[in-house]
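The form predicted alone is given below as one chain in structure tokens.
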């Protein structure tokens, strides 16, 4: 793709910024303390501001622009659909909605062949939990610490990170447990095998004390995303599957971030040869071009609602513009081998490159990931593994990570920064040259993080 010619227009940027500050209420923010960048445009793996600064986006938006910005084939599909049928109510059979569901069902594992469309990932989680509770007649849902499932009522209470705290009014029956994470093991494990076995025993114990017959579902991000890209150890997800089967618990995998090529497979579950009962998706399904999410449902749970109405729905469920974007995105991913590219970049560029950075930078405690889904765990001290900043740090306590982020931007890289981590999550169709450009910018920024190590 030919790079877009950037023509600076600071006056226009100032007007955009002024209108934003006057009227836009931003998520997850103290409104008077933020200074959002005014973005003039984006294309492929890059975006730029009104001052002419161009950034390589190592965040994929919010880890959703899996085919980059402004892919011409997807833009054209949205335009074509707008000219044909812009919107229609969800109770009708619409060609593009049916085709999107078919294409998604073809790629989900096992018999997850029925698709309930939502507007995003949080609504997908809400509906997956509702389905599980109605299917089992049970109430409790188990979720992990170090997780994120969305910001709507049930989804935020299922979430296991600090964004939950302000809304922690305890959606009925939410119980949390520790999932495996060897680098900061809650189980004093020293090997992946120990971590997996002890995490499964901990889950078994939690179920026993909560009462197996009270538990409707266990929900896990297949590979936790925002919380740190902690790839589960071998055998863990298969063990959770077996526990769910034994107790009649619905197994829900949240693939909102990990799905649609992010890990080098269509869905991360494929890496672990596990088939859940319900799978949530969003983000990469259409690269975020038009809001879309959903729940992929297995045959048994779908049959629950053959004669019994499902008590849930959304005005924009399966919106034609969103579904057209999904159809086009999936076709682009097939034609351009985007999933294969994500696997290739992870194996040959990002994985080796990030590990090489870790060898030279004392601030890097661990490198984790697969495909184009990587995290650097930044530390003050490699021996003690003390995080570079405290958990959920803000203000002055977060200064080392803020300095790292500023250094990355100065070097033309827009980084994903969360707590003491930076994530390398470029578009799934990122080129080798772009990935190497990102690694070089990270290399320079990590020298700033190194200044805060002991």
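This one's a predicted model, so the numbers in the text were calculated from it and none came from an experiment. Numbering follows the first chain given and starts at 1.
If you look for the form predicted in complex with a small molecule, you will not find it shown, but the lines that follow are about it.
Exercise for review: Just one of 113 to 121, 191 to 199, 355 to 363, 269 to 277 has residues with a heavy atom within 4.5 Å of the small molecule in the predicted bound form, so point it out.
Suggested key: Residues of 113 to 121 come within 4.5 Å of the partner.
Point to revise | Position in contact with the small molecule when the complex is considered in the predicted bound form, options 150, 233, 288, 160, heavy atoms within 4.5 Å | key: Exactly one residue meets the criterion: 150.
Point to revise | the small molecule: the contacting residue among 376, 342, 256, 141 in the predicted bound form [heavy atom, 4.5 Å] | key: None of the other options qualify; the answer is 256.
Review point. Is residue 283 one of the residues lying within 4.5 Å of the small molecule in the predicted bound form, judged by heavy atom distances?
Key: Judged by the heavy-atom cut-off of 4.5 Å, residue 283 is in contact with the small molecule in the predicted bound form.
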